[in-house]
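Read the single chain below, which is given as structure tokens and is the form predicted on its own.
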């Protein structure tokens, strides 16, 4: 009897901390816009949402009250796994980034090292990485290890060796490729990173900007999962703006289906990641 194809976990990152609506009016920045985007993306095939929030002026914020309100609203409107960014904007202080966990998401991003980020520096010194990781363990929040370059994979393995497995016991990573200063958005870069992961880890891949589709195809061919969204690209094709986040999820789900690895439901994604049923 043939084996059932493994489903593809599709994460949508709808907003990010860098882009503004003047670059693409479809970028969701208010809570209502974010809830609508999350609902539409679940219908299109997403099973997890990676969330950055904005203030009333549309600027990135880590305001604790807004974070809690956002988590509650997404859970009420969808079945998606709620993952909060602990990266925030490159200017956010470490204390505010640690406090993100107080909003009690299902999962959070956890970048395992510092990286040049265009003209800026995304600071993740080792003591901060350790403190954030230990907080996820204590609170039962699944960390998704964000890997921008190969040294981050080495740091991930060090973290596991020194401090044990994450909450729930499962290791899940996301390779972020194509950021100026990090790994290029190429198949050889992704192959090198995946080869260095610990046994049993699952992973997704994100291609920034024009690397989005090549990275998606490479990840599918290697058995990985996908992250798409307007945080990572505002264009669907050259000179063609993205209609909305759901359009990017629809393409990811269609390609996953063509690869005979259809999009996972939120319940299937929870099983893959070792998460309990929705809170």
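Residue numbers count along the first chain shown, from 1. These figures come from a predicted structure and were not determined experimentally.
Beyond what is shown, the protein has a form predicted in complex with (5S)-5-amino-3-OXO-hexanoic acid; the following relates to that form.
J.: Just to confirm, residue 203 within 4.5 Å of (5S)-5-amino-3-OXO-hexanoic acid in the model of the complex by heavy atoms?
T.: Close contact is absent here: in the model of the complex, residue 203 is far from (5S)-5-amino-3-OXO-hexanoic acid, nothing within 4.5 Å, heavy atoms only.
J.: Contact between residue 54 and (5S)-5-amino-3-OXO-hexanoic acid in the model of the complex at 4.5 Å, heavy atoms?
T.: Although (5S)-5-amino-3-OXO-hexanoic acid is absent here, residue 54 would stay clear of it in the model of the complex, with no heavy atoms inside 4.5 Å.
J.: Does any part of residue 167 reach within 4.5 Å of (5S)-5-amino-3-OXO-hexanoic acid in the model of the complex? Heavy atoms only, please.
T.: Contact with (5S)-5-amino-3-OXO-hexanoic acid, no.
J.: Report yes if any heavy atom of residue 50 sits within 4.5 Å of a heavy atom of (5S)-5-amino-3-OXO-hexanoic acid in the model of the complex; otherwise report no.
T.: Because a heavy atom of residue 50 falls inside 4.5 Å of (5S)-5-amino-3-OXO-hexanoic acid in the model of the complex, the answer is yes.
J.: Between the options 113, 87, 193, 182, which residue brings a heavy atom to within 4.5 Å of (5S)-5-amino-3-OXO-hexanoic acid in the model of the complex?
T.: Contact with (5S)-5-amino-3-OXO-hexanoic acid in the model of the complex is made by 87 alone.
J.: Under a 4.5 angstroms heavy atom criterion, identify the one residue in 231, 244, 40, 250 near (5S)-5-amino-3-OXO-hexanoic acid in the model of the complex.
T.: Filtering the options by heavy-atom distance leaves 231.
J.: From the candidate stretches 73-81, 135-143, 105-113, 184-192, select the single one in contact with (5S)-5-amino-3-OXO-hexanoic acid in the model of the complex, where contact means a heavy atom within 4.5 Å.
T.: So the stretch in question is 105-113.
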